[in-house]
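To begin, one chain is listed below as structure tokens, in the form predicted on its own.
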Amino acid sequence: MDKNKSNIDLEISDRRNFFKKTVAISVTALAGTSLLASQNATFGDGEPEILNHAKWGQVWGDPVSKNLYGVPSPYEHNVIRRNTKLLASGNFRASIAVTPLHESEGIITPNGLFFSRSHGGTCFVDPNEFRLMIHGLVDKPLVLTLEELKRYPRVTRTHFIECPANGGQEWRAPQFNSLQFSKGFMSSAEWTGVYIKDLIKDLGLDLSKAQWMLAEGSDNSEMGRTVPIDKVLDDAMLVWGQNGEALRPEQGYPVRLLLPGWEGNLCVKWLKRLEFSQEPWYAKEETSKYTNLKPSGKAIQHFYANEVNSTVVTPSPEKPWTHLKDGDMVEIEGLAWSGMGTITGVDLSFDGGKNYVKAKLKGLVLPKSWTRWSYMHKYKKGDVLLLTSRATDDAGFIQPTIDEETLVMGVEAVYHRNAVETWEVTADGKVNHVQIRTDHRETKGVNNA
């Protein structure tokens, strides 16, 4: 017994020494790197989490037969879509659930976190009873089942969908001290479906007359929007796949319309028919809704593409810098997107837009898709920063200031707000949503709106 115990003690001692030596060598080798150089790591007798066997490594794991459709780790329970009564009809059926952008990675939003907007609740469609009718100014009207639709040549593209009201509550001043609620009315995914131009090429579309297409949903709101024929014949898609699987019910299962870069409201879900006509339909959602009121009292109607835009993702109110020490190197990261084309650059300001530096675009840079950007920053404890990002696209557009935008639109608008956005980093590392008015260098925050 004593001999065995002695051997065990020796084994533990050797193991501790091994890890201490390994850590020492690693620290020496990496001390010159920018991130580690800012850390004053003291290992002492070693990290208990490294030296001791983890509790989860001493028991059986779940069998592969459990959770045949995978689920997130229980430790990620806070990474969810969220909603608020301020953005609901009262029963959360004509409402929106917004994406946690502060927890997003890359340019793909998981299906379970993709923002959801409905006008009468989530519709559950039996795919065996699904029918898509295509009619109007075509020589050969057609009704398709889901399987018949899937026989057409399919394509897969990565695009964002953004509600035109994304950031719309901020025309006067910020209303939410939250990235999720201020900019989470959007998500990005890989979509699989068919181009409408390929679907209708044999139907005899009368292009001398057909200038508009009506897309109508089968849910209880019978959402209907009309789309100019130029967009239909460009990149409009009927999609049934999202991120490698079937659409979720809240995303329009089994088929929805996708108009890359254009208002999310136009991307009709639970699709049931397409009709071609010489005139637009002037549906409810393009007359009484989804128009923008100008200072003159007149409203802008039929404007579609979401303009060039960007935001800082980290830091944010949900991801502050309160844990950082003076001199730490930290990555400022954000998203940029444009319904007009492809992001070509992002500038970052530390003083609310007075001066800018160039940020670095990261990963894939695709048209009408999210683009990641970042900037490495040496944190100075006690400094107050006003982080503002400004994106440009290959169509030649650049994000305006809030003063430039309100000069044209006033403050009674709701949709298509793409002015630059600012996060205030306080002296202790907390983050607040503020708005910089350049005419008087006035800073408006959530609490002084």
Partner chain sequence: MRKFNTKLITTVSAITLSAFFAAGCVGNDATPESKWKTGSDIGGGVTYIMDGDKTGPYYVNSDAHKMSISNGRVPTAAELKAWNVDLQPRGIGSPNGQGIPVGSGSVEEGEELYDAKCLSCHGDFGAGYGTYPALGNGNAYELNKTLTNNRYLDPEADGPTRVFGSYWPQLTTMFWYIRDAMPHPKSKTLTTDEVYALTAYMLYINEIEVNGELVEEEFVLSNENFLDVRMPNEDGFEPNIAGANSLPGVRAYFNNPANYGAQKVKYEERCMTDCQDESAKVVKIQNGGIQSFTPPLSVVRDLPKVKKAGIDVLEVYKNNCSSCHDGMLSVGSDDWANYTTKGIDKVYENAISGTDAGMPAMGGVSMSKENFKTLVDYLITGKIK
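The model shown is predicted, which means the values in this text are computed figures rather than measured ones. Positions refer to the first chain, counted from 1.
From this point on, the text means the form predicted together with the partner chain, which you will not see here.
Distance criterion of 4.5 Å from any heavy atom to the partner chain in the predicted bound form singles out Lys272 from the list Lys272, Arg117, Arg372, His377. Interface residue among Gly252, Pro174, Pro315, Pro164 relative to the partner chain in the predicted bound form, by the heavy atom within 4.5 Å criterion: Pro174.
Stretch 230-238 is the answer when you ask which of 230-238, 244-252, 109-117, 328-336 has residues with heavy atoms within 4.5 Å of the partner chain in the predicted bound form. Mapping the unseen interface onto this chain, Gly168 falls outside it, with no heavy atom inside 4.5 Å of the partner chain in the predicted bound form. At a distance threshold of 4.5 angstroms between non-hydrogen atoms, Lys183 is out of contact with the partner chain in the predicted bound form. Of the heavy atoms in Pro367, some are within 4.5 Å of the partner chain in the predicted bound form. Heavy atoms of Trp262 reach within 4.5 Å of the partner chain in the predicted bound form, making it an interface residue.
Shown here without its partner, the chain carries Trp56, Leu257 and Gly429, none of which come within 4.5 Å of the partner chain in the predicted bound form through any heavy atom. Contacts between 202-223 and the partner chain, taken as any heavy atom within 4.5 Å in the predicted bound form, involve Asp202, Gly204, Leu205, Asp206, Leu207, Ser208, Lys209, Gln211, Trp212, Leu214, Glu216, Asp219, Asn220, Ser221, Glu222.
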